[in-house]
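Taking the form predicted alone, here's one chain by itself in structure tokens.
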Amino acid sequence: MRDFFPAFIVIIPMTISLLAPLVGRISKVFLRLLTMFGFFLSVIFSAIVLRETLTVGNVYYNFGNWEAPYGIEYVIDPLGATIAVMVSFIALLIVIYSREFFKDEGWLKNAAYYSLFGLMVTGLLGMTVSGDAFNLYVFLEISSLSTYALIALGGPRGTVAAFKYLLIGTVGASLYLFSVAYLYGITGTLNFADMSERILPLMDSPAMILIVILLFLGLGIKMALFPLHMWLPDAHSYAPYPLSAFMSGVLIKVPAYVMIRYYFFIFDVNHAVLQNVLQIAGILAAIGIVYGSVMAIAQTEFKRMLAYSSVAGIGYVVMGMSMGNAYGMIGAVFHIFNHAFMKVALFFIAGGIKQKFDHIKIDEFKGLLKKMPVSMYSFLILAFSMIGLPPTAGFFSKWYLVNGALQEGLWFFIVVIVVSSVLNAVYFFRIIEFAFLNKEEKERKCKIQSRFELPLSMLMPIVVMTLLVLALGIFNADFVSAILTSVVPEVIK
């Protein structure tokens, strides 16, 4: 039975998405319970596979008993398994958190939301475990198409944002597909392991230059790397709050993992073509970090501020990749996880404020500590992590990135990291001042009547994600030594 666990990681959320319309027609409560149970199973199977990768080695699953490279193969290494655990665990919390946002909606909207969300998670998990370039494209499209529809559930402005993302996202997916076609054309295979062996003698071919650029542009759009981020601010701002959290925390991180997989595990990262593209990527990432931070300061709405800070967040990941050393890679991958936890929790808090008081403007946060103490103290911890203060996780990812930049003499990157931390402090301390130091000017009317400041289905995910940010910081050395150092490619210094 354990041999089928890699397949179950993807099959379970796909099955949920197919059953959602039928189950939702019968009972909305049963639909939520079924979805939670399914994602819980995905977490369990992902965790079991992760343990196996750490103790035995990479896990392989061949569909229909067709051996690679002729059949479709799942290949899961420690990093991929950890990403799968992260995706499925955050998806579980999203489903729990979503209850308050859809409990008063009709069965059709509930069924549509949970069905599309199941497809979205299916696509992301498939991208994480797939060992086949074209199969990865199929999962990329599954996650993208479901995301377009989910954003449209946010209302009229969400529909416009979804259409904008559809146009830009289709370009990104097409560029990735073109790169796969060229890879198949010069190597004669779509299997990653087979491709990594056949492509080494072809690194000097003109086609490789085009392939590397197409991959960079296609995946760069999907991960919202500056200046390919045009779809992100509106999509994050106008999507339903649970979806905004998942998009910022997970959706833009999985394509970054795919880029790491291609550039560092399949191609020869030390080749001049890759080095040149990574240098350009590092410069764009640095600009994006400053741009995203400055634009976040300029926002008056909390949710849109978080959207622009996501542009900066993905910049840290790409900056670490571009350094080409172990510290940079560890910092990049570590930031994938801690930024996911930070941003999901922050969007959860934004959604809680919106549900409770029906406002999200920053200048209306005055005296919010008294009304929402757990959420605001959680926000304080998360803000410290976004700024990069110890012992939170945000400090250690920036610490690894600074060490990587020092090793390469990239002083410009160090300046960018320091400047961005100061800018983060500006826009987060503005909220801290309003919520903690200013008194409430007028009595707010609460939309939610609950024993606690928020219903437990909303408050519990906030607390869990905040504690994970602290735990990831305090135990960062154990996390790095157990998982990240085991997947740093030998080609990296």
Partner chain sequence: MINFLSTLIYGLIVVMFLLGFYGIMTKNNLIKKLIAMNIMQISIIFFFITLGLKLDATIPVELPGVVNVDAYINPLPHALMLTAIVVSLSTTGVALALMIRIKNFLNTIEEDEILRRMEE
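Just so it is clear, the structure is predicted and the values come from calculations on it, not from any experiment. Positions refer to the first chain, counted from 1.
Omitted here: the form predicted in complex with the partner chain. The next part is about that form.
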Quiz item: Where does the partner chain sit in the model of the complex: which of 245-253, 167-175, 285-293, 347-355, heavy atoms within 4.5 Å?
Solution: 167-175
Quiz item: residue 156: heavy atom within 4.5 Å of the partner chain in the model of the complex?
Solution: yes
Quiz item: Is there a non-hydrogen atom of residue 85 within 4.5 angstroms of a non-hydrogen atom of the partner chain in the model of the complex?
Solution: no
Self-check item: Contact test in the model of the complex: residue 141 vs the partner chain, heavy atoms, 4.5 Å
Solution: yes
Quiz item: Using heavy atoms and a 4.5 Å limit, would one call residue 386 a contact residue for the partner chain in the model of the complex?
Solution: no
Quiz item: in the model of the complex, which of the listed residues (212, 145, 260, 381) lies with a heavy atom within 4.5 Å of the partner chain?
Solution: 145
Quiz prompt | Contacting member of 266, 160, 203, 374, with respect to the partner chain in the model of the complex [4.5 Å, heavy atom] | solution = 160
Quiz item: Within 172-206, which residues come within 4.5 Å of the partner chain in the model of the complex, counting heavy atoms only?
Solution: 174, 175, 177, 178, 180, 181, 182, 184, 185, 190
